[in-house]
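Just one chain follows, in the form predicted alone, and it is written as structure tokens.
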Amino acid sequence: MALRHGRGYAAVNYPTGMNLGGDPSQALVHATTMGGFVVTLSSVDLGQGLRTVIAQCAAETLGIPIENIIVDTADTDTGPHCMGTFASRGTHRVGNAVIMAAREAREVMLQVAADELEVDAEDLETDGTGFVRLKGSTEKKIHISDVALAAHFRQGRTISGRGIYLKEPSSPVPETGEMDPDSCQAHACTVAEVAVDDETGVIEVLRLFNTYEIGRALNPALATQQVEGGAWMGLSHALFESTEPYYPHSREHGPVDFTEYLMPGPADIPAQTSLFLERPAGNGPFGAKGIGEMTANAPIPAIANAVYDAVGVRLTSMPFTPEKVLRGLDELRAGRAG
């Protein structure tokens, strides 16, 4: 009896957004009196970092420091319309809408600055530090706080913009079934290394190697956290979680709170290495595709394949419990004996 080691991999592709008969998100952008820019949304940050990425999209488009961006995720009564935070659509749909709104606001900002500097707006640029300046000049410039003050108190103008990104509905072609159900496809591959105790059936995931093609990673640190956090969820599904044990009598026999519901703890989390391949999407904000939901997918079959490589047991239902491993080993031994 011994620890048996194995390696397995799995690859997935995943859609960004859904068809839904049309899948829009809206954004509003406006300048405060002191040169901050408020991005107003109804889109919700569930902890995946949407507010940070949206602030990046707005700052990059406006040409100002990210510190000058305020993201207000309002609510569905008072904010602009959003279909919701699901289907790995947040960065793609909302990012595109914010870029459209920021472009419109930037045009007004440059025109206000042009009137203050007495030049043509087409001759101005932003320097990324908070100034609007004449192209080719380091002297003729105006800070965005002064632009905002001039717009509000001297010119009587609103520096603002509106944006909406719509994935138009697509119906199947009756003859072929052809349709366009999403905006783009992201891709991923996970390699899992495991150790399986052939006496107890216990599986330990030792290492995970993750490679993701997500168009362009707008924030590599956040993207890495999503990949590795999603891998934790995949590991939990693979080895611990039974979504509805004893259904339809779950409350009578199954876990009813997190003191009884098994999930991986710190000691169960494997070492991870995560890399990104960048193939920018033509319709994505700065080339980005969705990443959210797919991160839990590839680790599950990768772990199953690694177990098969280690002990020859093909596991086809989750969770991959020690009992299932031992039953599989018994079947293998019985087959050899027969």
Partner chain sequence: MARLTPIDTAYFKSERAGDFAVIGSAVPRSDARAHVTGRTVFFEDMAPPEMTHVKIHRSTRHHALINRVDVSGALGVPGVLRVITHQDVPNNWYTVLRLIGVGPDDEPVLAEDRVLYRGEPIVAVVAETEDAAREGAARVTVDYTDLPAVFDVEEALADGAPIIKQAGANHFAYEGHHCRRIRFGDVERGFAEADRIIEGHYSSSPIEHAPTEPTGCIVVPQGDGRLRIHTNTQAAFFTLDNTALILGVPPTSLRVVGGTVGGGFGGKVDVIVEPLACIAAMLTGRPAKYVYSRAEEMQVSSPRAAERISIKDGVMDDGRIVARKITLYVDAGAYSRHSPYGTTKAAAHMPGPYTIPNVHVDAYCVYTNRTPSSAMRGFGVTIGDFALESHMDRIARELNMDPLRLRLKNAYRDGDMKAHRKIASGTALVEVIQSAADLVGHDLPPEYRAMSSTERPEG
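Since the model is a prediction, treat every value here as computed from it, not as a measurement. Numbering follows the first chain given and starts at 1. Rigid core (definition): largest C-alpha set, two forms, superposition within 1.5 Å.
Not pictured, yet referred to below: the form predicted in complex with its partner chain.
- Residue in contact with its partner chain in the predicted complex (any heavy atom within 4.5 Å), chosen from M100, L124, A151, V191: V191.
- Residue in contact with its partner chain in the predicted complex (any heavy atom within 4.5 Å), chosen from G130, G79, G201, P264: G79.
- At the 4.5 Å threshold, heavy atoms of R51 reach its partner chain in the predicted complex.
- At least one heavy atom of D257 is located within 4.5 Å of its partner chain in the predicted complex.
- Interface residue remark: A221 is counted as part of the site for its partner chain in the predicted complex, having a heavy atom within 4.5 Å.
- In the predicted complex, at least one heavy atom of R7 sits within 4.5 Å of its partner chain.
- Across the proposed site, L46, G177 and A217 without exception bring a heavy atom within 4.5 Å of its partner chain in the predicted complex.
- Stretch-level contact analysis of 105-113, 168-176, 154-162, 141-149 against its partner chain in the predicted complex, using heavy atoms and a 4.5 Å limit, identifies 168-176.
- Residues T73, A74, D75, T76, D77, G79, P80, H81, C82, M83, G84, T85, F86 are the ones in 69-86 with at least one heavy atom within 4.5 Å of its partner chain in the predicted complex, listed in sequence order.
- When the rigid core is held fixed, the Cα atom of T78 travels 2 angstroms or more between this form and the one not shown.
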